[in-house]
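Heads up, the chain below is alone and in the form predicted on its own; it's given as structure tokens.
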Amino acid sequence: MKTLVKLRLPVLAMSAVAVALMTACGGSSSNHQNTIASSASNVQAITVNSGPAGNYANGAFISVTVCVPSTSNCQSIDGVLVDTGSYGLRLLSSSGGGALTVALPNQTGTNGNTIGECAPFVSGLTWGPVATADIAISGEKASAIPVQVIDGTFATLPGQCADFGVPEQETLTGQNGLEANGILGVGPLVQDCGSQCTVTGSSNPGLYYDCAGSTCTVTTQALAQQVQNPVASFATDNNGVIVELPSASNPTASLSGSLVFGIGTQSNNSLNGASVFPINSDIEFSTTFNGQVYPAFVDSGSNAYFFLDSGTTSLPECSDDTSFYCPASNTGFSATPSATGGASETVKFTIGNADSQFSIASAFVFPTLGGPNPGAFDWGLPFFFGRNVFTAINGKSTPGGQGPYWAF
């Protein structure tokens, strides 16, 4: 089976905010035109393909340039996964088979010790030092912002980090390989933890660590020192992003589209009538399925429609990997995303047999890939095929209102 990666930081890494969200399909049901912006200063090519490890299912990748701050010591790194469900740039070091070789300066605390970070996702965690970098993507630049270098050799994994109960993803390949050279988190928040990591005691989730040698202990981290969504630090086009991908009706080798920076800041990033879905403080909106309302979110870092369970959907799980559904034939569904103070739209989507799709050796794009996610809807990357999906950043003004929200 091809790689399963579900890259969403959990609620502990999401500070209380107020407002937006989206939908899904394996054949779009949206009435809004899916245009793909051409080359411009705020446009970066994005490709869904097998990734740098050659075995990624439904991964959307771009190239980024990282530099030692205020120098010309830079490196272009491709194979970086675009993730609208997390926040900040995380780069796999060469020690784990990743591409990063430029020596970025580590962030240190007031005592001079290196700051480390444990970033838990649904499928695994990344561990390594917090560094400082200039980040350039297309014609946009974020200067001297905190990023995470994924490096399992940095220090001993703290027990509180291990307690998240998910495997370390600190190598490019292998049983728990990241299968990407990094993760670009362009979700609707600015920092990856928020106010929870600025306080001491049991309410601190334990993402940031003070590391003396190989020994690390939980520490507080000011908002400005936390790993940052780089888009929020751009000089312009800094209020959100648009993921623009063409439609796909059958498994194929790759898709090419655009990651566009800014919402309503240039002629190529207007909302164009897209419906706006404000998000709540849990970074969710609602989706109604068969008369029942469920929490939901939009996430390009999840490689399938992850929704509900076999008992609710009547879709059997695959016998060789229960992370996916394996119906005997393609099965159509409809669900209605909605948000308080926002839009409501019915979305039609199709779930196919994961084993059958993965058996196509040349294919890495799967528009009908689905899997269980009990009690909730994760509108993953297949939802993005054939529609423009907007992510507005918390506190930023846009023509659709102040972020955070998703729109499509």
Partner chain sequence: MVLWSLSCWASLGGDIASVQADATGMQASVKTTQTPAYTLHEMQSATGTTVREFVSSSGTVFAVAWKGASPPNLKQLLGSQFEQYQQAMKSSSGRAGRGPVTIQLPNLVVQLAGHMGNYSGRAYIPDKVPAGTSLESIR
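Just so you know, these numbers come straight off a predicted model, no measurement behind them. Numbering follows the first chain given and starts at 1.
Unshown form predicted in complex with the partner chain; subsequent notes refer to it.
The contact with the partner chain in the predicted bound form, taken as any heavy atom within 4.5 Å, belongs to Gln196 out of Gln196, Thr219, Asn106, Thr288. Only one of Asp192, Glu244, Glu170, Asp237 lies close to the partner chain in the predicted bound form, with a heavy atom inside 4.5 Å, and it is Asp192.
Of the heavy atoms in Asn269, none are within 4.5 Å of the partner chain in the predicted bound form.
Although the partner is absent here, Ala60 lies well away from the partner chain in the predicted bound form, with no heavy atom inside 4.5 Å. Ser329 falls outside the set of residues with a heavy atom inside 4.5 Å of the partner chain in the predicted bound form.
Within this chain, Tyr56 lines the site of the partner chain in the predicted bound form, having a heavy atom no more than 4.5 Å away.
The stretch from 228 to 236, 98 to 106, 119 to 127, 135 to 143 that comes within 4.5 Å of the partner chain in the predicted bound form, counting heavy atoms only, is 119 to 127. Taken together, Ser86, Glu179 and Phe297 are fully in contact with the partner chain in the predicted bound form: each brings a heavy atom within 4.5 Å. Counting a residue when any of its non-hydrogen atoms is within 4.5 Å of the partner chain in the predicted bound form, the hits in 366 to 391 run Phe366, Pro372, Asn373, Pro374, Gly375, Asp378.
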